[in-house]
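Only one chain is shown below, in structure tokens, and it's the form predicted on its own.
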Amino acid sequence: MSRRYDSRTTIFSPEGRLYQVEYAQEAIANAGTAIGILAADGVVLACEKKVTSKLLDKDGSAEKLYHINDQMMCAVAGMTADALILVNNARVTAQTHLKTYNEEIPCELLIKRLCDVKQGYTQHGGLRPFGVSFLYAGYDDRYQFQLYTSNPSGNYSGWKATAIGANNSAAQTLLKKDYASDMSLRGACELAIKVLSKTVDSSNLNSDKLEFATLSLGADGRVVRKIWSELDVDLLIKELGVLEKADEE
């Protein structure tokens, strides 16, 4: 039945479904896992790397983590090429707002603007949905630290902890079990690595298979966005001893 209604994004099936949007979400389900955790003093983003070849030139750039403006960053799951288009759109929107109003754009407003673009690609003929989901980590003066996610349909929602990509159901089950609202940033880092160690298809989790980023406030009250280097990630895993604890369990 679906084959009669999945050739265009603008055609509803008799059951009221848009198959092309569902197919885009299936593409994301096959991408590497990405986890976001909201702590009392910051936000953690952790992602599974899918490309781990020894022949890959490591120029220091992240595969799945991007800065948007001085107060926001994001993690992606799905088609990276699609993600780059949307990240650039978000950056332009953020800088236009800053130039016009002389203040950083509120996190939710920027996400709404980006989701408007994503929704438009599900409603017009000759277009296909963006095959990517986002985790957004941000800070603004009104709501402080925030964590949002959005999908190809243009929907977005706020979370305390969530996961997208492959094995997201298993990851969310672990997050529900161990998350606490008063968790510190360091505790959130430990939880993120613990969850990834149980959901990533690898016996040994290290910086070759993991990307890590944190968003927090510095001593001067300014937002600090940090995409961790491979050395920092390996040191963090060693210091926390999460993998040893997981083995004991």
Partner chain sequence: MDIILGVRLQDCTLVATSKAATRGISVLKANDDKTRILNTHNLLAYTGEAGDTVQFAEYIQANIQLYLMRENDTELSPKATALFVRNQLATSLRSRKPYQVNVLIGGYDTKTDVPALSWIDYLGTHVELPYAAHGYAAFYCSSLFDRHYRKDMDLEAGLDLLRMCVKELEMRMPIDFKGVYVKVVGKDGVRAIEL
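Residue numbers count along the first chain shown, from 1. What you are looking at is a predicted structure, and each value in this text was computed from that prediction instead of being measured.
Below: the form predicted in complex with its partner chain, not depicted.
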Does Pro106 make contact with its partner chain in the model of the complex, using a 4.5 Å heavy atom cut-off? yes
Examine Lys160 and determine whether its closest non-hydrogen atom to its partner chain in the model of the complex is within 4.5 angstroms. no
Check whether Lys177 has any heavy atom within 4.5 Å of a heavy atom of its partner chain in the model of the complex, and answer yes or no. no
I'd like to know if Lys99 sits close to its partner chain in the model of the complex, meaning any non-hydrogen atom pair within 4.5 angstroms. yes
Option from 134-142, 147-155, 165-173, 75-83 whose residues, in the model of the complex, bring a heavy atom within 4.5 Å of its partner chain: 134-142
